[in-house]
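Shown here is one chain on its own, the form predicted on its own, set out as structure tokens.
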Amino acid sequence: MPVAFSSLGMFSRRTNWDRQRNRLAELLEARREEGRPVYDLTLANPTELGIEYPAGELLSALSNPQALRYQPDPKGLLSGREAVCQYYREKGIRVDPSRIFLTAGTSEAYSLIFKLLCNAGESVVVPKPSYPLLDYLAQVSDVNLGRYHLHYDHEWHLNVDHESAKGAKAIVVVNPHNPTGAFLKRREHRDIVRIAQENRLALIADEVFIDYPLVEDDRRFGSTAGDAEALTFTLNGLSKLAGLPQMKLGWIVLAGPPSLVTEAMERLEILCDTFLSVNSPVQLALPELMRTAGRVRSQILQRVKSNCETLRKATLDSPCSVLNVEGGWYAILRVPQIRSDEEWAIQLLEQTGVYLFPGYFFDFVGHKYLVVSLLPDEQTFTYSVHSLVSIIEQSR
């Protein structure tokens, strides 16, 4: 007879996630199986939301005959890295291509940096609330996460201090933050760099939404790609910058004290050489993809601004309010505390078909919040928002 044994002993603890679906996910699946309409305000894939892409130019760029040759480079092809340099040059920042590493998206960039900086069980400090992807990336890298908090007082404020950074190897800053949309301010940047220097921490700056400002503000710091004070890893990529998540190309820019940068570059080069994960066609296409990115980005930004204004107008004089959002693709709704944010999300899905994220998905605490994508087409978004406000008003 076969010997019975627990499957738990077969697999690693780092992949032992809670895979039980919550009630909201079950209701969403049931509604779709029944053929009932779903107005999805979680959508964040621009390739499926009516954005016009310069198809001819993009497809032509991907058909470069040089892609038939294998020319591996741990840092990525020089032509691609020079295209990234041009992107920063247009922002007034000089970046040496030797300090750029191309990656298969920013998720891989995080994973590489965690492996570079942390031994198993060591920690990185990340914001709270935050995008849940960071928890998964840390767990599969055997890295613990510490938290520093964002506080809201008519706008969001980063609160990084020595206590939250104690014992960590790096601080993660998302600029602008996802999902609150808060941009890094110059004063906050000075404080974070000072704490990083005094505690011998690296700074990981995720700037994937930096080209989507919804309002102007001269207090903003800008990109960390030219920083020199602390060892800094600046992340960005095509997913948001060019609206091309399927291309799976991101990058890391290293900056900081020369001795630390040199050591980091040498170690990171070996890490990247181990996998060589970025495919040749997208690297060769990168200069053209970067040239066409502005046309796609302007459409997305116009969509996001339009939907944000619709949301603000719809919630005027209502029991829910839109928190100040400075950039990115999301907005945060504060809703009445008469029920949990998950209960609000369930009620909205059941009664109107509107599907959105409850705030606890992103570790919001205190008030009750709903997280809304600003990317859906304007007609769907307007209908969904008015349905949402109507249900909340009726619940008072």
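Sequential numbering from 1, following the sequence displayed. Since the structure is predicted, the reported quantities are computational estimates derived from the model, not experimental observations.
What comes next is about the form predicted together with a small molecule, which does not appear here.
Across the proposed site, Pro129, Phe357 and Ser373 without exception lack any heavy atom within 4.5 Å of the small molecule in the model of the complex. Contact annotation: the small molecule lies within 4.5 Å of heavy atoms from the stretch 130-138 in the model of the complex, the single such stretch among 211-219, 272-280, 292-300, 130-138.
The partner is absent here; in the model of the complex, the one residue of Thr232, Asn307, Thr106, Thr180 having a heavy atom within 4.5 Å of the small molecule is Thr106.
Contact with the small molecule in the model of the complex, defined as a heavy atom within 4.5 Å, holds for exactly one of Ser123, Asn324, Thr315, Ser239, namely Ser239. The small molecule is not drawn, but in the model of the complex it has no heavy atom within 4.5 Å of Leu286. Of the heavy atoms in Val174, some are within 4.5 Å of the small molecule in the model of the complex.
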